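Heads up, the chain below is alone and in the form predicted alone; it's given as structure tokens.
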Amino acid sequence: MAVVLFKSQTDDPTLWNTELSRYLVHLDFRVWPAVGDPQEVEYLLIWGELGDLLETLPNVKAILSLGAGVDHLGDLNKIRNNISVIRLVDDDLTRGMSEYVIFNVLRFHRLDQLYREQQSQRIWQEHPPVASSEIRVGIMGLGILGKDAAKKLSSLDYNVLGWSREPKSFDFCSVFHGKEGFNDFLEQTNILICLLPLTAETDGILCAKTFSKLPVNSYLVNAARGQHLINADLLDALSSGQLLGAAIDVFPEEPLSTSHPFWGNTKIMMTPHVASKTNYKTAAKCIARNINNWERGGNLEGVVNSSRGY
């Protein structure tokens, strides 16, 4: 019997086993480090670094991430060519991310930060309304998550712009691409949303140079990876007024140190990496469907290009 090996320090294997066993009745579920016969392991479900794990598992056919990203695995180019790397594609994850993005766009558009500050000072003062069509929301990354967020923001009449590595075309947003389109994209963006995968090219992309290209008094939302953001550059941009506010959900080190300067900055709204959490019930169904389809000779959904990192 083929084996599914589960490895995660943050997920409950009992809950996952209960759900997966409903759909993968022909597979044996094991939890690392209780691997049993390593030659029987064909599927690796994981959240965290691979390390040298694959050296002990000679017959793994697919590595399935328990989240939408795969950067947690480490260097994908070190994975054997005959192993497919699969990111989690789950409508529940997509919906959750769009909710987080829309929530923060509405906060910034409707001046929530300013009105909360006025409330703390007992100030009753109205500010002129701005139509959503006058707000230009720029989304970095137009994969499954970015595309869904862009489409839903467009339905709320926001002027949505998108930026991606390669040319794309959608009827609900204007698309810029590559290095040549990056500055034009930034110069037209009032609220910048980062939903990029983490790669060598995108590491540190949210930096002083990027912020300087945005119109003065812009906003930032980072729900991708903490390594995308240069923290000191964000603090400088907020201090100078180049940015009026930021919503940050991801950090290079989690949990965030209690001494980190973000905690005391009233222009930053922080959340503890909860923008879109994996729901084991819906995710297990998606993963099982993928494996069952693969077992029947079909194609896997969410296959990662190792050379790109996503």
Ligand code: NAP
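Start at 1 with the first residue shown and count on from there. Predicted model, so just to flag it, every value in this text is computed and none were measured.
We do not show the form predicted together with the ligand, though everything after this point is about it.
* **All of K168, T202 and D249 with a heavy atom within 4.5 Å of the ligand in the predicted bound form** => Contact check passed for all of K168, T202 and D249.
* Among A283, V41, L45, A275, which has any heavy atom within 4.5 Å of the ligand in the predicted bound form? -> Filtering the options by heavy-atom distance leaves A275.
* To do: Select from the listed residues L153, C173, I191, L93 the one whose heavy atoms reach within 4.5 Å of the ligand in the predicted bound form.
  => It is L93.
* Using a 4.5 Å heavy atom cut-off, which stretch among 236-244, 211-219, 126-134, 139-147 contacts the ligand in the predicted bound form? -> After filtering at 4.5 Å, what remains is 139-147.
* Counting only non-hydrogen atoms and a 4.5 angstroms cut-off, does H109 reach the ligand in the predicted bound form? -> Result no; H109 lies far from the ligand in the predicted bound form.
* Asked: Can any non-hydrogen atom of W163 be found within 4.5 angstroms of the ligand in the predicted bound form?
  -> W163: contacts the ligand in the predicted bound form.
* To do: Give a yes/no on whether I79 approaches the ligand to within 4.5 Å in the predicted bound form, heavy atoms considered.
  => Outside the cut-off, so no.
* To do: Please run the contact check for A68 against the ligand in the predicted bound form: heavy atoms, 4.5 angstroms, yes or no?
  => Yes, A68 is a contact residue.
* To do: Could you list the residues in 284-310 that come within 4.5 Å of the ligand in the predicted bound form, counting only heavy atoms and keeping sequence order?
  => Going through 284-310 in order - heavy atoms within 4.5 Å of the ligand in the predicted bound form - the hits are R308, Y310.
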